[in-house]
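The chain below stands alone and is given in C-alpha cells; this is the form predicted on its own.
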C-alpha cells in the first residue's frame, strides 16, 4: 500500500498560520482517486494532518479491516454493496442527526439508498460504471458485446485484462450469461464456473490498480475498467474506446464511511463535511473523472466531462446493474469459483 502524507505547501501554510496541531486524520482510500491538493487544502483549512493508505478492491478493504486494521483508520471509501457488508459486520459508526452541517448538499437520489438509508453511516463520494475498453488499433469490430471479455475475437485473445475483484468480475460474467446475481441454481453456477475458467485462457492478467496502465502501454488490447479510469487512459494517448455492451454493465456508488472505533472521530466528521462542499466534490470529480453525488457540482466541472463518451451511454444502452450482496452460503460458492479462477 502507498502511504501518503500532506504536501510541503500545506505544512508551510500551517506553520505560517500558527495552526500546527497534533490532530490527525487516517484515511483508507482507493488508489489514484483523490488529488493531493485537496488533502493539502483540508489541512490548510483545519490544521488536521492527513495520512492515507490505499487499496485496490472492496474485498481487499474488507479483508484488511478484518485482519486487525479496524480501529486504525477513521474513514474508508467502500462501494455500495460493501457498505452493506461492513454495516452488517458492525464495522461502521453512526453519524448522529445534525453532525454533518452539509448533509443537505447530498443529491436526493443518493440520500435514501438501499445500502445506507438516510445516510446514517456514510456520504456519497463518486459514482460511475464498470465495463471494458478496447484498443481500436488492434480491433475495429463491434465492441458493444460482453463477448469481448468472455468469448473474444482472435485479435484480442491473450491480450485481455480483467479486474482483480470477484465482486465485479463475476457479476460481469453473470450479466454476460443473463443469469441472476447470487444464483443458487446449481446448473447456473456450474455454467458460470465453466465460463470464466474457459475465458481465462484468453486473459493476459488480473489487474485493478494497473487497469489503466496496461491499456496505455499496450500490454493489454482490451480490459475491464471503471469509466473514469478509462477516460484517463484515453486522455493519456491510448486509442481506446469504452463500451456500454447491450447485455448490460455495472454501476456503482463509492461512499465515505465513518469507521467504528475511529481514533480521530471529530476529524473524520470534519473531513466528510469538507467533501460535501460542492467545490471540493468537484475537485475530486475533475481529478478522478467520475460523477459526484453532491448538489451544485455541475458548473464547476471540466467541460470535457460533460460530453465524454465514458460518461454518456448511447441512447440504446440498457440500465446498469448494481452489485448485490449474497447470503453467506451463496457467497461461499462464489468465493470458491473465484479462488479456483485465480489458481
Partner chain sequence: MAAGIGGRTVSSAFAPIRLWLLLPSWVVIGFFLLIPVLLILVYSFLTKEFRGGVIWDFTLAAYDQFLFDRGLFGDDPPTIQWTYITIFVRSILQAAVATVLCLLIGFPTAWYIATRAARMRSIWLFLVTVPYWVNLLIRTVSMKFLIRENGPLNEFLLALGIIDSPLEIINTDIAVQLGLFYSYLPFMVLPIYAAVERYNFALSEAGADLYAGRWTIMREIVLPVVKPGIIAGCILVFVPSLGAFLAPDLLGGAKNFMIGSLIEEQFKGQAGNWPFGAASSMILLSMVLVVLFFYARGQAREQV
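Because the structure is predicted, anything quoted here is derived from the model rather than measured. Numbering follows the first chain given and starts at 1.
Not on display, but discussed next: the form predicted together with the partner chain.
The candidate spot formed by 159, 326 and 337 is fully in contact with the partner chain in the model of the complex: every one of the three has a heavy atom within 4.5 Å. Partner proximity in the model of the complex, defined as non-hydrogen atoms within 4.5 angstroms of the partner chain, places exactly one of 116-124, 181-189, 255-263, 72-80 at the interface: 181-189. Heavy atoms of residue 200 reach within 4.5 Å of the partner chain in the model of the complex, making it an interface residue. Though the partner is left out of this view, residue 331 does reach within 4.5 Å of the partner chain in the model of the complex, counting heavy atoms only.
At a distance threshold of 4.5 angstroms between non-hydrogen atoms, residue 217 is in contact with the partner chain in the model of the complex. Put simply, residue 247 is far from the partner chain in the model of the complex: not one heavy atom of it is within 4.5 Å.
Interface residue among 105, 207, 129, 146 relative to the partner chain in the model of the complex, by the heavy atom within 4.5 Å criterion: 207. Residue 62 is the only one of 62, 50, 284, 294 with a heavy atom lying within 4.5 Å of the partner chain in the model of the complex.
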